[in-house]
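Single chain ahead, written as structure tokens, the form predicted alone.
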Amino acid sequence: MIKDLLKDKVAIVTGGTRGIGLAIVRKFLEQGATVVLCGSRQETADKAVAELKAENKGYKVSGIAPKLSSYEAMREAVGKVAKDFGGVDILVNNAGISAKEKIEDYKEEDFDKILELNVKAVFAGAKAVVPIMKERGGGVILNTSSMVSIYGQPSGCGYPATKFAVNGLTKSLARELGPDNIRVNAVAPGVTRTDMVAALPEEMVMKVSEGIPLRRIGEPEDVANAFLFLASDLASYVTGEILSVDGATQV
């Protein structure tokens, strides 16, 4: 395996305390990056940092808990990271929430909540980091999309709606920021073995897997590998892409 793909890079990963986000943080650390992970609360961020440090005392990792949907909070947090570590090279907008309600049962406040975290936070994070990346001569912004941003889903319309929006932000910012050597891409995971999926009965997981040509669901590391590729110089001519990591799931 190629090593040190992100050596001397500074990365911020939102939603980095568990699941796919934690796998991204771990993968970036393994490849030599300094990583600041964002949690919903400082205690969850601290717990994730302690877990990673227990795996490898040499990991350069710390945790913060800004309000992701607030531009001012993100500007302050990103500015502090840049001051402490000399800049920011990579931003991963991974934090998000899902939904499963039927439209008749969908509360307006819940729709607003999913828009705030899944869309506005991506905007706020990008807006906060772009000036720093421009000063640095370039950078990488990566967003977590979803397979449902392509296919939709039969309930919980707020979730695919926000992921369609993430795709739009990704493609538009790639065009806008390309002249500044800032690449913007997204990864669209399929069914992945996160905490929620891990709690399902094995027979249910097997049934889901039958509709996937690779005959298995994804692992967080599968998705993290895609983020690693897009964050690294191996993808230096890749921008504006929505990379599906779903085993060619049949919908």
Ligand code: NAD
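These figures come from a predicted structure and were not determined experimentally. In case it trips you up, residue 1 is the first one in the sequence shown, and so on.
In what follows, reference is made to the form predicted together with this ligand, a form of this protein that is not presented.
J.: Taking Lys27, Ser62 and Asn225 together, does each of them reach this ligand in the predicted complex with some heavy atom inside 4.5 Å?
T.: No, the candidate spot makes no contact with this ligand.
J.: In the predicted complex, which of the stretches 142-150, 127-135, 82-90, 103-111 has residues with heavy atoms within 4.5 Å of this ligand?
T.: Looking at the other structure, the answer is 142-150.
J.: Since exactly one of Ala165, Ile97, Ala73, Leu115 fits, which has a heavy atom within 4.5 Å of this ligand in the predicted complex?
T.: Residue within 4.5 Å of the partner: Ile97.
J.: Answer for Leu68 alone: is it within 4.5 Å of this ligand in the predicted complex, judged on heavy atom distances?
T.: Taking the distances in the predicted complex, the answer for Leu68 is yes, it comes within 4.5 Å of this ligand.
J.: Check whether Thr239 has any heavy atom within 4.5 Å of a heavy atom of this ligand in the predicted complex, and answer yes or no.
T.: Thr239: no contact with this ligand in the predicted complex.
J.: Classify Thr192 as contacting or not contacting this ligand in the predicted complex by the rule of any non-hydrogen atom within 4.5 angstroms, answering yes or no.
T.: Contact check for Thr192: yes, within 4.5 Å of this ligand in the predicted complex.
J.: Can you tell me whether Ala231 touches this ligand? I mean in the predicted complex, with a 4.5 angstroms heavy atom cut-off.
T.: Judged by the heavy-atom cut-off of 4.5 Å, Ala231 is well away from this ligand in the predicted complex.
J.: Taking this ligand as it sits in the predicted complex, which residues of 39-54 have a non-hydrogen atom within 4.5 Å of it? Please list them.
T.: Stretch hits, in order: Gly39, Ser40.
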